[in-house]
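Two versions of one and the same chain are coming, encoded as structure tokens; call them structure 1 and structure 2.
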Structure 1
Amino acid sequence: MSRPSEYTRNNILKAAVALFAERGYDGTSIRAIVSKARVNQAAINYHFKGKEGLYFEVLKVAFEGYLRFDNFDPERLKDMSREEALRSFVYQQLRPLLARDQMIRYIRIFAWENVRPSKVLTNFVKTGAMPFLASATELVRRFLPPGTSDQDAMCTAISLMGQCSVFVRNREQFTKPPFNLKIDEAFVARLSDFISELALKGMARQL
């Protein structure tokens, strides 16, 4: 595979990421992609076997890009005190608030995937989400009473993640009137402190 054809391929991918993020799969046409990528229409079938193949490649690229950004390592949490681990986990969950450019597009693509799951990669994306939840469950167990049921621990973990994801999910809205949140590193740091402190106290049943 030569460099010129790699340019073609990457241009298509880049254009597709942008358009799929903005309009979703059904709302994005092949002609819009090739126009944006400045390539010939047949190239999509040649390089990706068609629209669907392109979409799956985009999902794969988005997923891998997200993992690189996220740099999540569940093992590191285990070496921290439970308070540190909690804070670190919350910060990790809120980090996407600081995402820029391509990473924002990846996050938007996952939002589309949430309402319109694609069959083949459904497990792929879910597999990606599972470490978070497993890690969160393990983490909250360090705070909860020893006899806490699996379901209760999991619901605690889910609600902890929900405290963070609501900000990430509605980020665009919260930066506009009437909210006007200024989302920068300082805000994310303060919010991480805030949420982990709420959670810490909330789970402090018997200290």
Structure 2
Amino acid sequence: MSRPSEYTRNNILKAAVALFAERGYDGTSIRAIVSKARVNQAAINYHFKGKEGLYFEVLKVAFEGYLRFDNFDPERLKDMSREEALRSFVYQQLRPLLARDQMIRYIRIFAWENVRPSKVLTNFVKTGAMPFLASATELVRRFLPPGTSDQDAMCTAISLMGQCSVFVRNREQFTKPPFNLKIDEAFVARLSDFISELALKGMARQL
């Protein structure tokens, strides 16, 4: 890809991330993206084959940004004791609470998906998010009885991630009344310990 072409593509993505974070998928028009990125619609069609293709790339960028931010490394977890690995995983999931600027936009995009899921998300999950879910499922299996079904293990992993994501998705609301949470490093550390302890107790009941 030539440098001007790469610049145009990145400029479109940057504009799209900002608008999708502010308005969600349904509330963002190609016309708005064209205007903000200062390109024509042909450029979007050329680089992304339309709105759905562009949004798929936005989800990919947001998800990869999330993983980079929390330094998720499934291989590193394998070398830890299961309790240490669980706490590390939970802490990594909660670290975006400390994020600013662009990371906040990524969080908002997934928050929109929680309220009004798009069909693009379904396609993205199949290709982009399943490896992450597989790693989380492998982690919780270390706490579950032998013979636990794949479905039960996956549901346990989803439940664990959900306990973390509810705080990340609603970060802005939790810092305001009536919650008034002070979200800093100490808070994230305490919350990591709390969620890890709850998860340990929950999984222990299945033994």
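So that the term is clear: the rigid core is the largest set of C-alpha atoms that superpose within 1.5 Å between two forms. Since we're looking at a predicted model, the values are computed, not measured. Numbering runs along the sequence of structure 1, starting at 1.
Undergrad: Mark the structure, either 1 or 2, that is the form predicted on its own.
TA: Looking at both copies of the chain, structure 2 is the one that matches the description.
Undergrad: So, does Ala111 move by 2 Å or more at the CA between structures 1 and 2, with the core held fixed?
TA: The answer is yes; the displacement is at least 2 Å.
Undergrad: Quick one: core overlaid, is Lys182 moving 2 Å or more at the Cα between structures 1 and 2?
TA: Not so; Lys182 is displaced by less than 2 Å.
Undergrad: Please state whether Glu197 has a C-alpha shift of 2 Å or more between structures 1 and 2, with the rigid core used for the fit.
TA: For Glu197, whose C-alpha is compared between structures 1 and 2 after core superposition, the shift is less than 2 Å.
Undergrad: Give the C-alpha shift of Glu22 between structures 1 and 2, in Å, after superposing the two forms on their rigid core.
TA: Its C-alpha shift, to one decimal, is 3.1 Å.
Undergrad: Quote the shift of the Cα of Val61 between structures 1 and 2 to one decimal place in Å, the two forms being superposed on the rigid core.
TA: The alpha-carbon displacement, core-superposed, is 5.7 Å.
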